[in-house]
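Below you'll find only one chain, the form predicted alone, shown as structure tokens.
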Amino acid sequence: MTKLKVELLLTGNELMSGDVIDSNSAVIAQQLKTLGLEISRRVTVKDDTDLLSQEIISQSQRADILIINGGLGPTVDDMTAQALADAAQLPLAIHQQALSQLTAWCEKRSYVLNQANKKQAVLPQGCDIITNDSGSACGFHLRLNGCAIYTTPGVPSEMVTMIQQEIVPAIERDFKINSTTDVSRFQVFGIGESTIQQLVSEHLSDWPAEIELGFRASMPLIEMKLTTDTEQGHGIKALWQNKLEQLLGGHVIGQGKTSLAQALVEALQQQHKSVAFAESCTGGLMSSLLTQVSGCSEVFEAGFVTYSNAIKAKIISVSEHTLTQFGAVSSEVVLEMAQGALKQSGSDYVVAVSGIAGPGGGSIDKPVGTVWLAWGEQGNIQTIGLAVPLPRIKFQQYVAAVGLDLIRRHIIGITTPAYYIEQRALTNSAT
């Protein structure tokens, strides 16, 4: 079978102006990948019926499949239905199935179905409805110039559900696709893409052509993706993924979409242990990340945000003498922060952090980006100083991730130093 040509049309003034960043096309591409399909062209057009109509005609003449994202709402700048009707030379009409779904959606939420809402049921005559279980705007489907056109709302949560549950199955059915594409993912932290590539080149130089290896950086993690689309590739993928994971060692966080916080919660649950945090420069971010994970209540005792020296001394018993002699950003202070948090919370494990997030506040001895962390359990607390010269928000995100990773490694018994320790450690900082 000849490979299907797929194009994507995005609509909206907000996309053109940069007020909204497009993330929908990435999701659509990822979902189509499960069918072995790739988007060959992506076009963004402002809210202009004539421009949209012209683009739809042009794309429908080239592509087998066209997905239009956006422009299905109730306002005057939602123009997809009109533009597609013009392109197909079809009249607009009330679609009874769309109206019924819209009415049910409003009744369920005790909304009044007004005239503006009803616009979402005015569609090109003869089109088929694509159910939207999350929102008020139905998608719809029709053919033009032999091209199958599917429309989706611009709201990401609605679009994702519609693509996964309605459009991908419809494409698979309508085009009789028997895809063998298989994708495996795992998450990595603390080692850069270039370093990973170098390691693969040096130690896995015979990487098979049947397995496509991909990288996706998403602060603070890197997603490794292995894709196969042949029976031979499927048969060897597990072996080579295992080789890659062995090569990356303790930097592998987990499978699929696992986060650092999820990995830490799972490690604590397996040991029936708990953790507490004492945070200064990260402002409670480690605690926030952990509490986003279901089941964290089983393993999370307390988070202390001790920003000022006075609160460090009052809440978690950091010695005023230690603060004066060594400064808040020091091995000695984070050690006492950790000990105080352990005592106050009664937790099994602890992470403490104090640093200079910037852009001001640094000195020659302790420049902006200097941070100290302590982690471990009673009687076995380690400290490390790192140089993390990043903008304030990214500094906080990265340092919080390091804190979660250090205690994760400690709990599961990883003793090999992470690459970020080798790259960022202050001279003679580890204790």
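All residue numbers are counted from 1 along the displayed sequence. The term rigid core refers to the most C-alpha atoms you can superpose between the two forms while keeping them within 1.5 Å. Please read these numbers as outputs of a predicted model, since none were measured by experiment.
Beyond what is shown, the protein has a form predicted in complex with a further copy of the same chain; the following relates to that form.
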property: Heavy atom within 4.5 Å of a further copy of the same chain in the predicted complex - the one residue of V188, V293, V200, L99 that qualifies; result: V293
property: Proximity to a further copy of the same chain in the predicted complex, single hit among N132, S287, S354, Q262 (heavy atom within 4.5 Å); result: S287
property: Exercise: A302 in contact with a further copy of the same chain in the predicted complex, heavy atom 4.5 Å; result: yes
property: Non-hydrogen atom contact T383 with a further copy of the same chain in the predicted complex at 4.5 angstroms; result: no
property: Contact flag, G358 vs a further copy of the same chain in the predicted complex, heavy atom cut 4.5 Å; result: yes
property: I414, heavy atom within 4.5 angstroms of a further copy of the same chain in the predicted complex; result: no
property: One stretch from 114-122, 308-316, 191-199, 321-329 that, in the predicted complex, holds residues within 4.5 Å of a further copy of the same chain by heavy atom; result: 308-316
property: Residues from 42-66 in contact with a further copy of the same chain (non-hydrogen atom within 4.5 Å) in the predicted complex; result: R42, V43, T44, V45, K46, L51, Q54, E55, R62
property: Per-residue C-alpha change between this form and the one not shown, I57, threshold 2 Å, rigid core fit; result: yes
property: Exceeds or equals 2 Å, Cα of L15 between this form and the one not shown, core fit; result: yes
property: Per-residue C-alpha change between this form and the one not shown, E377, threshold 2 Å, rigid core fit; result: no
